[in-house]
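Only one chain is shown below, in structure tokens, and it's the form predicted alone.
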């Protein structure tokens, strides 16, 4: 699972950060979370091919999270895309996408299919699922979790040899969940296959105050990408505008038991984001401040 940060700034672009957009790739499938203005240019200098984006998920409909979509659709059209693009988001997403597709004289050369989501829904995208939770912002807002299907447990070859199972088709049968017979004995798959292992999991909060729904969604995640707009000296301002401080995001990460926290939606007021990093790490040591064009490979964690 590869995560690419295309935009990590909050509200409007700054010299160092574009506005919100993140992609996640598993195998050939790429999904995008938020698409603020300028995202298509960020894609051109990233390792992500915009032609491979399968779906776009909007956390909410503030301009810095969706206004990049019209240009992205036009770029896809001009480069010969024919595959449909799915666009998911909160209430009013269908209306918003329809309006985008009727801007000016340009028309998309492929279908753009919009769907509105509610907390608790789950979108099956084949090699992984995207689940939906409510976020706490000043407009209807969603958070998303990308999670792979559980992986089959490891096949214990040494144990198979000890049980006298000959290598070949019987190994395959056991790995595919079928019992086999050896010298009149029935051997079950669980005799030689370890426990099922969790797939990798990434959670993206969008703009949000700290809230229980996001904490619950993030439980055990390999990566939590969380709103960390301001430091704690601006806690009242963060709450007023529906955002989190770095310390609040770190507490969410700690309570959820995630592996790593990445702070995003950084206010343009921070030329130096070290204050945010220090604040987050004082609560949750495995904290990182995300920057535009950062690429993070989420690897499988070792059992235990």
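Positions refer to the first chain, counted from 1. As the structure is a computational prediction, the values presented were derived from the model and not from experiment.
If you look for the form predicted in complex with a further copy of the same chain, you will not find it shown, but the lines that follow are about it.
- For the three marked residues, 234, 243 and 276, no heavy atom of any sits within 4.5 Å of a further copy of the same chain in the predicted complex.
- Listed stretches are 124-132, 226-234, 173-181, 139-147; the contact stretch with a further copy of the same chain in the predicted complex is 139-147, by a heavy atom cutoff of 4.5 Å.
- Taking 167, 84, 78, 118 one by one, only a single residue has any non-hydrogen atom within 4.5 Å of a further copy of the same chain in the predicted complex, and it is 78.
- Exactly one listed residue, out of 99, 111, 216, 162, brings a non-hydrogen atom to within 4.5 Å of a further copy of the same chain in the predicted complex: 99.
- Within 4.5 Å of some heavy atom of a further copy of the same chain in the predicted complex lies at least one heavy atom of residue 74.
- Residue contact with a further copy of the same chain in the predicted complex: residue 51 places no heavy atom within 4.5 Å of it.
- Within this chain, residue 254 is remote from the site of a further copy of the same chain in the predicted complex, having no heavy atom within 4.5 Å.
- A residue is said to contact a partner when one of its heavy atoms sits within 4.5 Å of a partner heavy atom; residue 92 meets this definition for a further copy of the same chain in the predicted complex.
- Annotation for 37-62: interface residues with a further copy of the same chain in the predicted complex are 37, 38, 39, 40, 41, 42, 44, 45, 61, 62 [heavy atom within 4.5 Å].
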